[in-house]
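Shown below, as structure tokens, is a lone chain in the form predicted alone; questions about how it binds or moves come after it.
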């Protein structure tokens, strides 16, 4: 157990003590803190490009590996599970550790990622499936690495119950203003004041802020957080994931898209040529669509490594409002709007 996936990743790097200047390959589209954590350890983040489903491009992976490469972190994006067999074969030939970032890919209690990966990290943060407003579960293949990580974690201070209570209060207030009518009024007020709503919303829901990232990451989860997470595992209605998946299949069929059977549709992203027009049209119809403001493209060290696919996804993606209680007619209405803006989504 860890405070977050980012905390778990930092903990793994602390335990591994990779040589300074070693390269860590990262799925090119990820949360910005992942690259910051790599740099915090004196290591070099290297982007590996993706396609529009979030799947790593094998050609990009092969081109990114050098004699300094030590690890690849695969982010399973949007509820899609990336195929890992080919990637694992490449990683083993080059003696790379393989870390799965499954923050967006939790399906059920007891799953552990690909059996051949070295670490698999699952998140239960504020906007994740079966959220406990924090916490992460990590499966570590190596018993020796697991022991070292556990020993290091035991030396970290424990998150205070007061800090967790403040977090609980903050997200309770956010939930209060997230009802359909209240959210619409709140958005209009924010925009009339001259602020970008997506940017404001993402800054409020960020788990870690400020410059001292290491101190924020290096905390043991508090007892209240662990108790809430245990309760969520015991009581979460996993039929919601089945409904979410059904919605994704229905929407995909309406717009002429197919998806991998493993996709659980944590969100439904669309990469289109006119993202602002589509977002605005959806909002005018009462659908709270957003851009991917919480994610970033891992910066490349030189022009030959710029991940063009990830940049296109970030710049042209619209994320639909997506929750299991949405009625089928709402799904169909969004599909019709997509068809008027982008007859053949890219």
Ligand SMILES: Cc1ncc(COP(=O)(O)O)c(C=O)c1O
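Every value quoted in this text rests on a predicted model; they were computed, and no experiment measured them. Numbering follows the first chain given and starts at 1.
This next part talks about the form predicted together with the named molecule, which is not shown.
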When the contact criterion is heavy atoms within 4.5 Å, does residue 128 count as touching the named molecule in the predicted complex?
yes
Should residue 312 be counted as a contact of the named molecule in the predicted complex, where contact means heavy atoms within 4.5 Å?
no
* Asked: Using heavy atoms and a 4.5 Å limit, would one call residue 31 a contact residue for the named molecule in the predicted complex?
  -> yes
> At the 4.5 Å heavy atom threshold, is residue 283 in contact with the named molecule in the predicted complex?
Replying inline: no
Within 4.5 Å of the named molecule in the predicted complex, heavy atom basis, the matching stretch of 251 to 259, 219 to 227, 97 to 105, 141 to 149 is 97 to 105
With the partner omitted here, the residue among 247, 71, 75, 120 that in the predicted complex has a heavy atom within 4.5 Å of the named molecule is 75
Applying a 4.5 angstroms cut-off on non-hydrogen atoms, the residues of 1 to 29 near the named molecule in the predicted complex are 4, 5, 6
